[in-house]
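Presented as C-alpha coordinates, the chain that follows is alone, the form predicted on its own.
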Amino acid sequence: MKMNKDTLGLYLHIPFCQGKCRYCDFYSVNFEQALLEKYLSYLKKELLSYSILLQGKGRKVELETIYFGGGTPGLLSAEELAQVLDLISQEFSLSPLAEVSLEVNPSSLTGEKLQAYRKSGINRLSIGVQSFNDRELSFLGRRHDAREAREKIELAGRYFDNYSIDLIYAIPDQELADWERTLQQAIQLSPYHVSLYSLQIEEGTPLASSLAAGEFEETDNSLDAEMYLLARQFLRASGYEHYEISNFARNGYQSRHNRLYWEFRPYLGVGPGSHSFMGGERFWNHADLSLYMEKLNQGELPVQERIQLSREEQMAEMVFMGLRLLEGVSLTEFYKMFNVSLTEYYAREIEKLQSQGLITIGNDRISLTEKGLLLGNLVFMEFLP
(Lines give C-alpha, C1' and ligand atoms only; values in the text may rest on other atoms or scores of the structure.)
Protein backbone atom coordinates (compact mmCIF):
# COMPACT_ATOMS: atom_id res chain seq x y z
CA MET A 1 0.00 0.00 0.00
CA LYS A 2 1.38 3.41 -0.95
CA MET A 3 1.07 5.86 1.91
CA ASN A 4 0.85 9.58 1.27
CA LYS A 5 2.94 11.65 3.68
CA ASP A 6 0.71 14.72 3.23
CA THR A 7 -1.73 15.81 5.89
CA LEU A 8 -4.86 13.67 6.06
CA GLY A 9 -8.48 13.94 6.93
CA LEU A 10 -9.75 11.18 9.25
CA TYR A 11 -13.27 9.77 9.04
CA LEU A 12 -14.55 7.50 11.84
CA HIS A 13 -17.71 5.48 11.19
CA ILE A 14 -19.93 4.82 14.22
CA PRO A 15 -22.33 2.17 12.89
CA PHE A 16 -25.07 2.27 15.52
CA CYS A 17 -28.62 3.62 15.35
CA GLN A 18 -31.60 3.49 17.70
CA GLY A 19 -33.77 3.11 14.62
CA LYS A 20 -32.90 3.29 10.94
CA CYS A 21 -34.37 6.13 8.87
CA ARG A 22 -36.43 4.90 5.93
CA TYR A 23 -34.18 6.48 3.29
CA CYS A 24 -30.75 5.62 4.75
CA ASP A 25 -28.45 3.14 3.01
CA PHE A 26 -25.35 3.73 5.16
CA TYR A 27 -24.15 0.68 7.06
CA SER A 28 -25.54 0.51 10.60
CA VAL A 29 -26.73 -1.95 13.26
CA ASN A 30 -29.11 -1.60 16.20
CA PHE A 31 -27.65 0.22 19.17
CA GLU A 32 -26.57 -1.85 22.18
CA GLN A 33 -24.31 -0.23 24.77
CA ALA A 34 -22.24 -3.39 25.36
CA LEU A 35 -21.71 -3.87 21.61
CA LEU A 36 -20.77 -0.20 21.19
CA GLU A 37 -18.13 -0.51 23.93
CA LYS A 38 -16.75 -3.66 22.31
CA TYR A 39 -16.70 -1.91 18.92
CA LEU A 40 -14.75 1.06 20.26
CA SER A 41 -11.97 -1.26 21.41
CA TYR A 42 -11.68 -2.56 17.82
CA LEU A 43 -11.87 0.93 16.33
CA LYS A 44 -8.89 1.84 18.53
CA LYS A 45 -7.05 -1.27 17.24
CA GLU A 46 -7.57 -0.11 13.66
CA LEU A 47 -6.37 3.41 14.51
CA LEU A 48 -3.24 1.99 16.14
CA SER A 49 -2.54 -0.16 13.07
CA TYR A 50 -2.71 2.85 10.76
CA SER A 51 -0.64 4.94 13.15
CA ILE A 52 2.19 2.41 12.78
CA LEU A 53 1.74 2.07 8.99
CA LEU A 54 1.67 5.81 8.36
CA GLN A 55 4.62 6.82 10.51
CA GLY A 56 7.76 7.57 8.54
CA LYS A 57 11.14 7.87 10.25
CA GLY A 58 9.51 8.54 13.61
CA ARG A 59 7.34 11.29 12.16
CA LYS A 60 3.63 11.20 12.92
CA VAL A 61 1.23 11.95 10.10
CA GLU A 62 -0.70 15.21 10.59
CA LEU A 63 -4.50 15.26 10.69
CA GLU A 64 -6.18 18.47 9.65
CA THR A 65 -9.77 17.25 10.01
CA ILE A 66 -11.56 14.56 12.02
CA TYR A 67 -15.15 13.59 11.26
CA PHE A 68 -17.34 11.24 13.31
CA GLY A 69 -20.12 9.98 11.02
CA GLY A 70 -22.64 7.20 11.09
CA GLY A 71 -24.92 5.69 11.96
CA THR A 72 -25.49 7.92 14.95
CA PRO A 73 -22.19 9.09 16.46
CA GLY A 74 -24.20 11.15 18.96
CA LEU A 75 -24.89 7.85 20.77
CA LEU A 76 -21.31 7.98 22.06
CA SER A 77 -20.94 9.51 25.47
CA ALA A 78 -18.60 12.49 25.77
CA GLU A 79 -16.25 10.25 27.77
CA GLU A 80 -16.15 7.65 24.96
CA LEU A 81 -15.51 10.39 22.41
CA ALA A 82 -12.75 11.88 24.55
CA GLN A 83 -11.04 8.47 24.83
CA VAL A 84 -11.00 8.07 21.04
CA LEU A 85 -9.78 11.64 20.53
CA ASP A 86 -7.07 11.16 23.18
CA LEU A 87 -5.80 8.08 21.35
CA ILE A 88 -5.82 9.98 18.04
CA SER A 89 -3.85 12.86 19.54
CA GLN A 90 -1.30 10.42 20.97
CA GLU A 91 -0.83 8.43 17.77
CA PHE A 92 -1.16 11.16 15.16
CA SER A 93 -0.06 14.77 14.94
CA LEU A 94 -3.18 16.91 15.27
CA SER A 95 -3.11 20.33 13.63
CA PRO A 96 -3.71 23.08 16.24
CA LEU A 97 -6.52 24.38 14.01
CA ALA A 98 -7.98 20.95 13.24
CA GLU A 99 -11.70 20.82 12.46
CA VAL A 100 -13.26 18.07 14.62
CA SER A 101 -16.85 17.34 13.56
CA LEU A 102 -19.58 15.18 15.06
CA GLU A 103 -22.86 14.19 13.40
CA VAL A 104 -25.78 14.49 15.84
CA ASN A 105 -29.55 14.09 15.78
CA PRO A 106 -31.81 16.65 17.48
CA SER A 107 -33.55 13.92 19.51
CA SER A 108 -30.34 12.92 21.33
CA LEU A 109 -29.06 16.41 22.21
CA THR A 110 -29.10 17.86 25.72
CA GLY A 111 -27.30 20.87 27.16
CA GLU A 112 -25.23 18.57 29.35
CA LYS A 113 -24.18 16.46 26.34
CA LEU A 114 -23.32 19.50 24.24
CA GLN A 115 -21.18 20.96 26.99
CA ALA A 116 -19.38 17.64 27.43
CA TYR A 117 -18.87 17.22 23.65
CA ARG A 118 -17.25 20.63 23.48
CA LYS A 119 -15.00 19.79 26.42
CA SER A 120 -13.97 16.47 24.79
CA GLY A 121 -12.52 18.28 21.76
CA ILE A 122 -15.41 18.45 19.27
CA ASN A 123 -15.54 21.93 17.68
CA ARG A 124 -18.12 21.47 14.90
CA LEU A 125 -21.55 19.80 14.81
CA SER A 126 -23.49 18.50 11.82
CA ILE A 127 -27.14 18.38 12.89
CA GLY A 128 -29.46 16.00 11.01
CA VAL A 129 -32.58 18.17 10.87
CA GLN A 130 -33.82 17.20 7.36
CA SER A 131 -37.11 19.14 7.59
CA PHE A 132 -39.19 21.52 9.71
CA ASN A 133 -42.42 19.81 8.61
CA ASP A 134 -43.78 17.09 10.92
CA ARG A 135 -45.46 15.10 8.13
CA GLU A 136 -42.20 15.02 6.16
CA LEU A 137 -40.18 14.02 9.23
CA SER A 138 -42.58 11.17 9.90
CA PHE A 139 -42.36 10.02 6.27
CA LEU A 140 -38.55 9.98 6.49
CA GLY A 141 -38.62 8.01 9.77
CA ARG A 142 -36.94 10.70 11.88
CA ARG A 143 -37.26 10.55 15.67
CA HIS A 144 -37.72 14.29 16.25
CA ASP A 145 -40.43 16.77 15.28
CA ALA A 146 -40.07 20.32 13.95
CA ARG A 147 -40.44 21.97 17.35
CA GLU A 148 -37.69 19.83 18.86
CA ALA A 149 -35.43 20.53 15.86
CA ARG A 150 -35.78 24.29 16.39
CA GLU A 151 -35.20 24.01 20.14
CA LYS A 152 -32.10 21.82 19.75
CA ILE A 153 -30.53 24.08 17.10
CA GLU A 154 -30.93 27.03 19.45
CA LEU A 155 -29.47 24.92 22.26
CA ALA A 156 -26.48 23.93 20.10
CA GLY A 157 -25.81 27.62 19.47
CA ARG A 158 -25.23 28.16 23.21
CA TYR A 159 -22.28 25.74 23.25
CA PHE A 160 -20.92 25.73 19.66
CA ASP A 161 -19.87 28.56 17.40
CA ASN A 162 -19.67 26.29 14.36
CA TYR A 163 -22.50 23.98 13.35
CA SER A 164 -24.26 22.87 10.18
CA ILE A 165 -27.77 21.63 9.50
CA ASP A 166 -28.83 19.08 6.86
CA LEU A 167 -32.07 19.57 4.92
CA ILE A 168 -33.76 17.17 2.48
CA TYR A 169 -36.00 18.27 -0.38
CA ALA A 170 -37.97 16.54 -3.16
CA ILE A 171 -39.77 14.46 -0.50
CA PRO A 172 -42.89 12.79 -1.98
CA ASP A 173 -45.98 15.05 -1.64
CA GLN A 174 -43.76 17.98 -0.62
CA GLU A 175 -44.92 21.12 -2.39
CA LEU A 176 -42.80 24.14 -3.23
CA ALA A 177 -44.59 26.12 -0.48
CA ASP A 178 -43.69 23.43 2.10
CA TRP A 179 -40.02 23.63 1.11
CA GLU A 180 -40.12 27.42 1.24
CA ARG A 181 -41.43 27.29 4.81
CA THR A 182 -38.63 24.90 5.83
CA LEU A 183 -36.06 27.24 4.25
CA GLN A 184 -37.54 30.27 6.02
CA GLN A 185 -37.34 28.51 9.38
CA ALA A 186 -33.78 27.42 8.70
CA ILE A 187 -32.71 30.96 7.85
CA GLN A 188 -34.43 32.38 10.96
CA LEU A 189 -32.30 30.03 13.08
CA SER A 190 -29.17 31.33 11.31
CA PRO A 191 -26.92 28.22 11.29
CA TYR A 192 -23.34 28.70 10.12
CA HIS A 193 -23.62 26.10 7.36
CA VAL A 194 -26.45 24.39 5.44
CA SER A 195 -26.20 21.15 3.42
CA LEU A 196 -29.02 20.32 1.01
CA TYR A 197 -29.89 16.85 -0.26
CA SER A 198 -32.42 15.87 -2.90
CA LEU A 199 -34.08 12.70 -1.57
CA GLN A 200 -32.55 9.68 -3.27
CA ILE A 201 -34.45 6.42 -2.94
CA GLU A 202 -31.70 3.82 -2.64
CA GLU A 203 -32.09 0.13 -3.37
CA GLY A 204 -32.56 -2.02 -0.28
CA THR A 205 -34.04 0.71 1.90
CA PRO A 206 -37.56 0.66 3.40
CA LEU A 207 -38.44 3.63 1.16
CA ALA A 208 -37.52 1.63 -1.93
CA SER A 209 -39.87 -1.17 -0.78
CA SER A 210 -42.68 1.33 -0.21
CA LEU A 211 -42.13 2.84 -3.66
CA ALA A 212 -42.19 -0.61 -5.27
CA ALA A 213 -45.48 -1.31 -3.43
CA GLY A 214 -46.99 1.83 -4.98
CA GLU A 215 -47.39 3.64 -1.64
CA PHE A 216 -46.12 6.95 -3.07
CA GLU A 217 -44.75 8.51 -6.25
CA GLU A 218 -41.31 10.05 -6.66
CA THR A 219 -41.01 13.82 -7.00
CA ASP A 220 -40.99 15.12 -10.57
CA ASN A 221 -37.55 16.21 -11.81
CA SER A 222 -38.76 19.68 -12.73
CA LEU A 223 -40.09 20.28 -9.20
CA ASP A 224 -36.83 18.91 -7.77
CA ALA A 225 -34.90 21.50 -9.84
CA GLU A 226 -37.30 24.27 -8.84
CA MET A 227 -36.77 23.45 -5.14
CA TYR A 228 -32.99 23.51 -5.59
CA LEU A 229 -33.07 26.90 -7.31
CA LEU A 230 -35.41 28.30 -4.65
CA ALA A 231 -33.05 27.17 -1.88
CA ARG A 232 -30.08 28.69 -3.71
CA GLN A 233 -31.93 32.00 -4.09
CA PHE A 234 -33.06 32.08 -0.43
CA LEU A 235 -29.71 31.12 1.08
CA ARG A 236 -27.59 33.43 -1.07
CA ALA A 237 -29.95 36.33 -0.33
CA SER A 238 -29.49 35.58 3.38
CA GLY A 239 -25.69 35.90 3.33
CA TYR A 240 -24.67 32.29 2.64
CA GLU A 241 -21.96 31.57 0.10
CA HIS A 242 -22.88 28.79 -2.31
CA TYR A 243 -19.49 27.06 -2.43
CA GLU A 244 -20.34 23.49 -3.52
CA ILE A 245 -23.30 22.11 -5.47
CA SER A 246 -25.19 21.14 -2.29
CA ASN A 247 -23.47 23.26 0.36
CA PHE A 248 -23.81 26.82 1.65
CA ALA A 249 -21.79 28.55 4.35
CA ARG A 250 -21.36 31.84 6.11
CA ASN A 251 -17.94 33.41 5.59
CA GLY A 252 -15.25 31.21 7.19
CA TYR A 253 -17.54 28.23 7.87
CA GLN A 254 -17.11 25.94 4.87
CA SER A 255 -16.78 22.24 5.72
CA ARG A 256 -13.03 21.68 5.67
CA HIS A 257 -13.39 17.91 5.93
CA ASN A 258 -15.71 17.63 2.93
CA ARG A 259 -13.45 19.92 0.93
CA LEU A 260 -10.76 17.22 1.19
CA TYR A 261 -12.98 14.92 -0.89
CA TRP A 262 -13.78 17.55 -3.51
CA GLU A 263 -10.16 18.74 -3.74
CA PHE A 264 -8.92 15.20 -4.44
CA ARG A 265 -6.82 15.17 -1.26
CA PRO A 266 -5.96 12.12 0.90
CA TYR A 267 -8.16 10.86 3.73
CA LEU A 268 -8.36 7.78 5.92
CA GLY A 269 -11.61 6.09 6.88
CA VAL A 270 -11.85 3.71 9.85
CA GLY A 271 -14.77 1.56 10.95
CA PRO A 272 -16.96 -0.89 8.98
CA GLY A 273 -17.94 0.33 5.52
CA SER A 274 -15.62 3.36 5.62
CA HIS A 275 -13.70 4.50 2.53
CA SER A 276 -10.15 5.85 2.19
CA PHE A 277 -8.07 7.52 -0.51
CA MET A 278 -4.26 7.67 -0.29
CA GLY A 279 -1.40 7.53 -2.77
CA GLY A 280 -3.76 7.24 -5.73
CA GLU A 281 -5.43 4.20 -4.16
CA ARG A 282 -9.04 3.89 -3.08
CA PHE A 283 -9.85 1.20 -0.54
CA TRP A 284 -12.74 0.39 1.76
CA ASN A 285 -13.58 -1.75 4.75
CA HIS A 286 -16.03 -4.63 5.02
CA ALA A 287 -19.50 -3.27 5.78
CA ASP A 288 -20.08 -6.00 8.35
CA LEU A 289 -19.38 -5.41 12.04
CA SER A 290 -18.65 -9.08 12.87
CA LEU A 291 -16.26 -9.50 9.94
CA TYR A 292 -14.64 -6.14 10.73
CA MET A 293 -13.85 -7.29 14.29
CA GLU A 294 -12.81 -10.77 13.16
CA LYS A 295 -10.22 -9.36 10.72
CA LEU A 296 -8.72 -7.11 13.40
CA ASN A 297 -8.63 -10.07 15.81
CA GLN A 298 -6.54 -11.92 13.23
CA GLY A 299 -4.10 -9.02 13.07
CA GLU A 300 -5.32 -7.91 9.64
CA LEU A 301 -6.70 -4.62 8.43
CA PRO A 302 -10.44 -5.04 7.73
CA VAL A 303 -10.11 -3.88 4.10
CA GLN A 304 -12.54 -5.46 1.65
CA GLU A 305 -11.09 -4.14 -1.60
CA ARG A 306 -8.37 -1.90 -3.00
CA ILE A 307 -8.30 -0.12 -6.35
CA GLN A 308 -5.15 1.61 -7.61
CA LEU A 309 -6.37 4.37 -9.88
CA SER A 310 -4.64 4.72 -13.23
CA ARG A 311 -3.23 8.13 -14.15
CA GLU A 312 -6.22 8.65 -16.47
CA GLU A 313 -8.67 7.76 -13.67
CA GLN A 314 -6.92 10.14 -11.26
CA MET A 315 -7.13 12.97 -13.78
CA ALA A 316 -10.84 12.33 -14.34
CA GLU A 317 -11.56 12.20 -10.61
CA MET A 318 -9.72 15.44 -9.93
CA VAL A 319 -11.86 17.12 -12.59
CA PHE A 320 -15.31 15.82 -11.74
CA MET A 321 -14.83 16.04 -7.97
CA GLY A 322 -13.40 19.54 -8.27
CA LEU A 323 -16.24 20.67 -10.50
CA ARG A 324 -18.59 20.14 -7.56
CA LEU A 325 -17.02 23.25 -6.04
CA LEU A 326 -18.35 26.49 -7.50
CA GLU A 327 -14.80 27.80 -7.80
CA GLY A 328 -14.09 24.79 -10.03
CA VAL A 329 -10.73 23.19 -10.84
CA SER A 330 -7.46 25.11 -11.04
CA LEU A 331 -5.77 24.58 -14.41
CA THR A 332 -2.39 25.31 -12.78
CA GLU A 333 -2.91 22.74 -10.00
CA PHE A 334 -4.01 20.14 -12.55
CA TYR A 335 -0.84 20.75 -14.61
CA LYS A 336 1.36 20.56 -11.49
CA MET A 337 -0.14 17.21 -10.55
CA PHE A 338 -0.20 15.54 -13.97
CA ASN A 339 2.22 17.56 -16.14
CA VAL A 340 -0.42 17.94 -18.83
CA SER A 341 -2.84 20.73 -19.76
CA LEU A 342 -6.40 20.01 -18.64
CA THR A 343 -7.88 22.01 -21.53
CA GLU A 344 -5.75 20.16 -24.10
CA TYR A 345 -6.24 16.69 -22.63
CA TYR A 346 -10.02 17.13 -22.43
CA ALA A 347 -10.37 19.44 -25.46
CA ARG A 348 -13.20 17.43 -27.06
CA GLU A 349 -15.20 17.09 -23.82
CA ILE A 350 -14.72 20.77 -22.95
CA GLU A 351 -15.80 21.95 -26.41
CA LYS A 352 -18.98 19.86 -26.16
CA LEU A 353 -19.85 21.04 -22.64
CA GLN A 354 -19.12 24.69 -23.47
CA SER A 355 -21.37 24.49 -26.53
CA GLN A 356 -24.15 23.20 -24.25
CA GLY A 357 -23.58 26.07 -21.80
CA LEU A 358 -22.67 23.73 -18.93
CA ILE A 359 -19.09 24.81 -18.14
CA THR A 360 -17.00 27.95 -18.37
CA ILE A 361 -13.24 28.64 -18.37
CA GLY A 362 -11.67 31.78 -16.93
CA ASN A 363 -9.22 33.05 -14.29
CA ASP A 364 -7.20 29.82 -14.54
CA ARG A 365 -10.23 27.70 -13.65
CA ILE A 366 -12.81 25.47 -15.23
CA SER A 367 -16.17 25.55 -13.46
CA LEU A 368 -19.87 24.79 -13.85
CA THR A 369 -22.25 27.43 -15.17
CA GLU A 370 -25.62 28.15 -13.52
CA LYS A 371 -27.16 25.65 -15.96
CA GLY A 372 -24.35 23.18 -15.21
CA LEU A 373 -25.22 23.20 -11.50
CA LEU A 374 -28.56 21.57 -12.35
CA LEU A 375 -27.02 19.06 -14.74
CA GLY A 376 -23.81 18.27 -12.87
CA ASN A 377 -24.07 14.50 -13.33
CA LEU A 378 -24.20 14.89 -17.12
CA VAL A 379 -21.06 17.03 -16.95
CA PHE A 380 -19.20 14.58 -14.69
CA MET A 381 -20.01 11.62 -16.97
CA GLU A 382 -18.18 13.31 -19.86
CA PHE A 383 -14.88 13.03 -17.95
CA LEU A 384 -15.20 9.35 -16.98
CA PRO A 385 -12.44 7.30 -18.64
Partner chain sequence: MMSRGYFPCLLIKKRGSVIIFYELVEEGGTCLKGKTDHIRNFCIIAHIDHGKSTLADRLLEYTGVLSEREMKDQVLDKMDLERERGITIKAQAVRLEYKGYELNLIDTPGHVDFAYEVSRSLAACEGALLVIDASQGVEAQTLANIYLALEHDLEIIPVINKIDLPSANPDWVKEQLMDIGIDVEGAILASAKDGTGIEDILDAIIKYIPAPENTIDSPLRALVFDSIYDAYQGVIAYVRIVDGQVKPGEEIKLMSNNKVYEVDEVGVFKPDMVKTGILSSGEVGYIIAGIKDVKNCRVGDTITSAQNPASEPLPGYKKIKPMVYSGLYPTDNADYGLLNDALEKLQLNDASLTYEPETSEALGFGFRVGFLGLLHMEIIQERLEREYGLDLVVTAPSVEYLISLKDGEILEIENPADFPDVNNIEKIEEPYVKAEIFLPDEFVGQAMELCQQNRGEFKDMQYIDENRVRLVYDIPLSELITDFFDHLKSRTRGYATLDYEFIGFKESKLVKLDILISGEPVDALSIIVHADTAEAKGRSLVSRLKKLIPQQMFEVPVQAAIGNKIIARVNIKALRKNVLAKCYGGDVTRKRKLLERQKEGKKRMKMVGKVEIPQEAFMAVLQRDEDE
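A quick note: this is a predicted structure, and the numbers were derived from the prediction, not measured. Positions refer to the first chain, counted from 1.
Absent from the display: the form predicted in complex with the partner chain. The rest refers to it.
Interface residue among 180, 218, 263, 202, judged by heavy atoms within 4.5 Å of the partner chain in the predicted complex: 202. For the residues 163, 92, 228, 139, the 4.5 Å heavy atom test against the partner chain in the predicted complex is passed only by 228. In summary, the region of this chain contacting the partner chain in the predicted complex, judged by heavy atoms within 4.5 Å and restricted to 210-218, 279-287, 82-90, 184-192, corresponds to 279-287. Within 4.5 Å of any heavy atom of the partner chain in the predicted complex lies no heavy atom of residue 46. The shortest heavy atom separation between residue 361 and the partner chain in the predicted complex exceeds 4.5 Å. In the predicted complex, the partner chain stays beyond 4.5 Å of every heavy atom belonging to residue 133. Looking at residue 275, you'd find a heavy atom of it within 4.5 angstroms of the partner chain in the predicted complex.
With contact defined as any non-hydrogen atom lying within 4.5 angstroms of the partner chain in the predicted complex, the contacting residues in 287-315 are 307, 309, 313, given in sequence order.
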